[in-house]
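For reference, the chain that follows is the form predicted on its own, supplied as structure tokens.
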């Protein structure tokens, strides 16, 4: 059913009793042309573009929990493309351009809001790094601009720019096209679109093994819902990628860390944009419901826990209260964590593996949500054709052997 004003009116007049399920929930078939492991935004987007642009309809997405229940439903929904290196700029700008028309593409409101992302500078090092990003982005035709402290406060009036605070603000970099989107709507929109194209979406189906034939190529999956034969497997499992890839005998250069976020009680609009501070590992935006969405950096230890250390959240709130004194008396409603997979150069891995028929999309660290449509689009090309899309050609697993790294540690220094 296509969403439109006329459809909504008709359903309202009929008592809203005619709405169908948003996607099918079939039992797995014995065999598929390709299987995507991971039912988050990236995995669902991959399946959608494989079906839509590459004509592959005999596809399954297997998810051990529920759709969007992993990092897709736990992140803080920030979107931007102001990365440093050309490879990253190409990937994230490709994603941002897809974001701008995604609601129309999916016929599903993903609530993309280009409210602007402002990154604060607190010292000489920050100024040098962010100005370098501004110039690099402009060379590639990507919007980014430098602001004085006064201009930053004009863009976000509740920002504290007093010089006597612990980390005074000496400037900021602003990407006006950056913003936010609704994370669960993104997962649901891609799931609905993929299902309509014939993709089987199988929830509560955990992968327990990957089978390989005599030549070493993948031949199927073992799951809690039975064995599935397939010659192509795309692993998009975020913080559990290392676990899944080990089933095929592939060791990944990844570390998994807990990453925390929290939200406040809802208030009337006070935060017109997204504000980030890499130096003090804190950032904040405001949701459509009025909650202040606050995020921190990763915990200091590797873990598969989704809780994290209380001191990390406390440190972040200390910084938030100094940057935005108006929020000091607000109450926090809930706190949660996710599991992020981090590569040595803080850039993702998207491509083939040493195992024929096995492909991987991982290593997004703290910034995977912003790349969701672009990641799915280029990974769909990679899995469908067996070779990387030009945009993700540099993001190979092999770069950690050759040394051709894409160091985005400065751009990815805080959870975003």
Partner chain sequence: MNAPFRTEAGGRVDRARPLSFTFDGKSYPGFEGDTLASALLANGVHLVGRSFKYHRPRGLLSAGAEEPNALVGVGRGGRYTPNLRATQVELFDGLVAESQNRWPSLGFDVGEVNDLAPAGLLSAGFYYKTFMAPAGAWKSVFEPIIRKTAGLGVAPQEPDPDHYTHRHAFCDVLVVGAGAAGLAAALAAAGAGARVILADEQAELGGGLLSERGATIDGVEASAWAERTVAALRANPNVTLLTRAQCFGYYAQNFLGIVERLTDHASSPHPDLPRERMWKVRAKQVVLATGAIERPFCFPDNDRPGVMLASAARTYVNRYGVRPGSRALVFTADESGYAAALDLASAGLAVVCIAELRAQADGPGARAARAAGLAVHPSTVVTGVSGRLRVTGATLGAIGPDGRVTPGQTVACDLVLMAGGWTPAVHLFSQSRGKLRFDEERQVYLPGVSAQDERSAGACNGTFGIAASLAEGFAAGADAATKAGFAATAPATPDVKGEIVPAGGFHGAVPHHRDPQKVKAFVDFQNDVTAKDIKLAVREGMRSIEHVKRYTTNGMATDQGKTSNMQGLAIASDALGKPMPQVGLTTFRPPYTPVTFGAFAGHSRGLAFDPIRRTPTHDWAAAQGAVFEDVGMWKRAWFFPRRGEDMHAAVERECRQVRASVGIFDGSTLGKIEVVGPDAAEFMNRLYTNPWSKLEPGRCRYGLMLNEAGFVMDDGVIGRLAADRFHVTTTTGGAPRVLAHMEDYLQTEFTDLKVWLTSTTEQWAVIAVQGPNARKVLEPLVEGIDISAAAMPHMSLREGRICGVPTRLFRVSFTGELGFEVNVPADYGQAVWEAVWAEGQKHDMVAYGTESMHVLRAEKGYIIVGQETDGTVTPNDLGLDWAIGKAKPDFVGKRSLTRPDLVKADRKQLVGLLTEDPAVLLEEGAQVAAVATPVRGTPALGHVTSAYRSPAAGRSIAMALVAGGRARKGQTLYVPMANGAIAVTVTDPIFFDPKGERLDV
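Remember, it's a predicted structure, so these values are computed and weren't measured experimentally. Numbering follows the first chain given and starts at 1.
Here the subject shifts to the form predicted together with the partner chain, a form of this protein not shown in this document.
The partner chain in the predicted complex comes within 4.5 Å of a heavy atom belonging to residue 67. Contact annotation for residue 153: none of its heavy atoms lies within 4.5 Å of the partner chain in the predicted complex. In the predicted complex, residue 123 approaches the partner chain with a heavy atom inside 4.5 Å. At a distance threshold of 4.5 angstroms between non-hydrogen atoms, residue 207 is out of contact with the partner chain in the predicted complex.
The partner is absent here; in the predicted complex, the one residue of 224, 148, 219, 109 having a heavy atom within 4.5 Å of the partner chain is 109. Only one of 247, 271, 197, 202 lies close to the partner chain in the predicted complex, with a heavy atom inside 4.5 Å, and it is 271. None of 140-148, 207-215, 229-237, 75-83 except one has non-hydrogen atoms within 4.5 angstroms of the partner chain in the predicted complex; the exception is 140-148. Counting a residue when any of its non-hydrogen atoms is within 4.5 Å of the partner chain in the predicted complex, the hits in 22-54 run 22, 23, 25.
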